[in-house]
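In structure tokens, the next block holds one chain alone, the form predicted on its own.
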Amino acid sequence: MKGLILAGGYATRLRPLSCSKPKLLFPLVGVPLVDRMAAWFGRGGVTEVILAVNHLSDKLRVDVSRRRLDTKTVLSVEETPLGTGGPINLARPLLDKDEPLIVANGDVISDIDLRGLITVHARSGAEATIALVSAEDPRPFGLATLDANDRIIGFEEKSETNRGPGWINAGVYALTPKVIAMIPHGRPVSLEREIFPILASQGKMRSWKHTGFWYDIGKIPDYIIANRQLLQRVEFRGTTSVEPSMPMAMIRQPSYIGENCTIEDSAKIGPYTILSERVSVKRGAEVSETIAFEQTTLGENCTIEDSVIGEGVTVGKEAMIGKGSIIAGQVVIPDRAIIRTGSVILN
């Protein structure tokens, strides 16, 4: 069975971090999102994952080729963004003609039971089965209306009317080849607005209610929240260890230290600090409630609080980065610089 990850947009809500890094390479508790999604698909029985991409696709291709993902992965590159339906059409030559396709939005991280979803989909005879999660305010999402048998009989995308708590589209689907054949060719297509309402009116949609964790990380505040909450889960954090060569480093939990990081004498890390791979923290640095992308260098006696630091950033010695700051990738913060609270620093 094959799966497809929809990641063809420009990730504008993640700027400036996404200006130099594809969304699928954003670290989630120190590990690239694509790694975590490929592993999740693999556990669900998916043998090949198609990445439907556009923005910075060359960088993604190079990075994916270097990584050992849990599932075979190929790229399908859009010249321009094609919505949620167009990429499926574009990837049609790569799909199995007689099996359902598992589709997931590229800004979702969850423990949805894909095997369970696929089983219900096959038994129900539905043309499409959508994973749903409960939301107090469904307005930013697609709202599903269900009958007593959990069939979806109505689907409304991003309604402005607040109807109170409801079951929303989790961005994970099982689609039959018949649904794929419904998608118009040669233009952007929204599954949520053009295909799902038709299937719902015909009684051909089934729901899979999910009650585990689910995060939409398409915006920086949501990305930060997901990292901090998932950091507390053992399966995400794993074992944090400090090399014997850094005996005086202090790490307050929960924190995550990625592979090949170096933390020098008297540095203080955490709590709620996530260092991706190959981060260097110099002596005396104090880093708390911060996400640092890979290959960053945090200088001597610098202070960083409640911030996100992009890949390849150099923070100078004795620099101070205030709460809520976002530092784009490849930026150099000079020695003794003071970055005010809530600043956004571009390359």
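Start at 1 and count along the sequence shown; that's the residue number. Treat the numbers as computed from the prediction; the structure is a model and nothing was measured.
Below: the form predicted in complex with ligand GTP, not depicted.
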Item checked: Interface stretch in the predicted bound form with ligand GTP - options 222-230, 263-271, 104-112, 141-149, non-hydrogen atom within 4.5 Å -> 104-112
Margin query: Can you work out which of 308, 302, 49, 52 has a heavy atom no more than 4.5 Å from ligand GTP in the predicted bound form?
Written below: 52
Note to self: So in the predicted bound form, is ligand GTP close enough to residue 126 to count as touching (4.5 Å, heavy atoms)?
What the structure shows: no
Note to self: My question is simply whether residue 323 lines the interface with ligand GTP in the predicted bound form - judged by any non-hydrogen atom within 4.5 Å.
What the structure shows: no
Check: Taking the shortest heavy atom distance, is residue 78 within 4.5 Å of ligand GTP in the predicted bound form?
Finding: yes
Note to self: Test of understanding: in the predicted bound form, would residue 82 fall inside 4.5 Å of ligand GTP by heavy atoms?
What the structure shows: yes
Note to self: Could you pull out the residues of 10-37 that have any heavy atom within 4.5 Å of ligand GTP in the predicted bound form?
What the structure shows: 10, 11, 12, 13, 23
